[in-house]
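The structure tokens that follow cover one protein chain in two forms, given apart as structure 1 and structure 2.
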Structure 1
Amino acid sequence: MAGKMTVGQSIVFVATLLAGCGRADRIVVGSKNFSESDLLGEIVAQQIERRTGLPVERRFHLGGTFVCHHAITSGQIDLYVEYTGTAYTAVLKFPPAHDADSVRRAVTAEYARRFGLTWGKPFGFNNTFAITVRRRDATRYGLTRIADLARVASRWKAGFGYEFLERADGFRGLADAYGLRFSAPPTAMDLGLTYRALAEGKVDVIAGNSTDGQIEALDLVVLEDDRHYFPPYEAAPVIRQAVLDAHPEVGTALALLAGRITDAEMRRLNALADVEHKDIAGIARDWLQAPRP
């Protein structure tokens, strides 16, 4: 019966065809599993809806870097917001570099060549890792730089997110660069729990994110990366080139967000989500609707 399909096969074929058509008519936006990524994903999603009229499906809080990277390279999502330094070290496996322009050019070229992905223009802020301690400890021990930690590390407990413990630009390289040896191996925990653990005295030092709103709210202090260990982490949308080919208006819409979010503004937005517990969709909507200078 070559060339013919049973009724069951026909149903499967039609369902697959319809699913494919529906998939092509919408944009799927993903995010990592922390508030800033969810918030940026929502800003991107609303911007596409407002500027293009295309329907957007949200698949937020998917997981860490590698989960989102697999999702976009396998076509499960069409775009998500990534950070240049993360892409450079964790995905592309390059050794940490410190020039923002060089890192951005490298990830743009390599993502296009290896994965068929396009980097949009950065939003304007740099969310670097923030080695963070309690303010009272910073004052008591005179801690202003990461190098100062070497004086107290042997008596202290560290708590880090899972990715930070594994990444090339994470704990092992940091410990080597600064000669840090803690009282015990660092505790692995969800990134979102590290701030409260530090504030409550369960650990003494964490690796947070420099744009997190909880740093100020919990009276914590970020130590200066005085040996310039961490690369730049500029946030930008990463998009499947096939989507831009089919819908160039998506790229045009996202380009309007370039350079619009400063470090301070990102901290403010994160504080609205994590400290004041406001709805992320509402935060994104208010930010997009606010008049711009």
Structure 2
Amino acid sequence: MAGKMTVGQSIVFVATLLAGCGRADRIVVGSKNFSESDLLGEIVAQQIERRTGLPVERRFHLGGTFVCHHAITSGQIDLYVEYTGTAYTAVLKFPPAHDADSVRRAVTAEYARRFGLTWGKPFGFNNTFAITVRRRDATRYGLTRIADLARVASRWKAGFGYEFLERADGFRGLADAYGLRFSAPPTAMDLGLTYRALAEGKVDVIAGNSTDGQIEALDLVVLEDDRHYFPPYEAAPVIRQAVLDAHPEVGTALALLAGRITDAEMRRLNALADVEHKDIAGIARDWLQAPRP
């Protein structure tokens, strides 16, 4: 799974430990504790290795947002992949906002001013909450947008993860924004189990994450957030300005990744890691080597 190091990673890890504190010309890449973050961290790390020849140290699966943010501001890591909406609400403590461009501009300005950190260009996908239904139902009832849900909601059952039910930008606001009234209060359950419950017909609508591999694997459909209720969660590398100054070639290498991963592509990569349990380094290598249009 995502949390385990491969032999290759372990060797690199041990080697970098042995290399000691002389980290002058090594780039330290961190990641959060879930597969998507590990995958993006590995893609970034391999890209830097291939394009710049600089040695890269991986400090993956560190923890949540707070841990990674602390690590990069204290200089323990040089870069990691963050989501704009998370930086906006969780780090900068702004109230949830709904426009992707203004959120991106705000975090870019504030991170540079407050932390000396630079936001690279987003990879292209948006990992936000995804209101998800069975493809069969979407076809039968003609559902493409969340607004369409209002027609069937009164007969439907919803199952949501605890985070979605609790968060300010979660269920309560959504129900207000779209006027959703379900037949019963949503069932609170484990996020992973909501996918299973949806596929088995025990609930009719769930809130997943738009890049979850299960969406493809279980033949589900994500409804479009036509009223732009959910804050944008665009993934982009966050890097220490000092590192960019010393190694401008790193910035060039990262810029080549901008806009290259769509929602569907990220879902596919996540499915390789989470559903097929492929090794992260291998998935990243294959993705970087694949010919691109």
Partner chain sequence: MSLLAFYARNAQEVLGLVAQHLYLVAVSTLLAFALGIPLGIVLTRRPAWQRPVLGLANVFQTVPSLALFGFLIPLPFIGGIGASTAIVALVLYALLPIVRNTYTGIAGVDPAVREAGRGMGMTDWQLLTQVELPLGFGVILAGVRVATVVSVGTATIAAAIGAGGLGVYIFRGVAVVDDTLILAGALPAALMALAADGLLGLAERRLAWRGK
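Predicted model only: the values in this text are computed from it and were never measured. All residue numbers here follow the sequence of structure 1, with the first residue given the number 1. Take the two forms, superpose them, and find the largest set of C-alpha atoms that agree within 1.5 Å; that set is the rigid core.
**Student:** Which number, 1 or 2, marks the form predicted in complex with its partner chain?
**Tutor:** The form predicted in complex with its partner chain is the one given as structure 2; the other form is structure 1.
**Student:** Would you mind checking which of 231, 111, 270, 80 is at the hinge, with one rigid block turning on the other between structures 1 and 2?
**Tutor:** The listed residue located at a hinge is 231.
**Student:** Report the hinge rotation between structures 1 and 2 as a whole number of degrees, treating the chain as two rigid parts and superposing on C-alpha atoms.
**Tutor:** Turning angle of the smaller piece versus the larger: 32 degrees.
**Student:** Where the core is superposed, what shift in Å does the CA of residue 163 undergo between structures 1 and 2?
**Tutor:** The alpha-carbon displacement, core-superposed, is 7.4 Å.
**Student:** For residue 217, what C-alpha shift in Å is seen between structures 1 and 2 once the core is overlaid?
**Tutor:** Displacement of the alpha carbon, after core fit: 3.4 Å.
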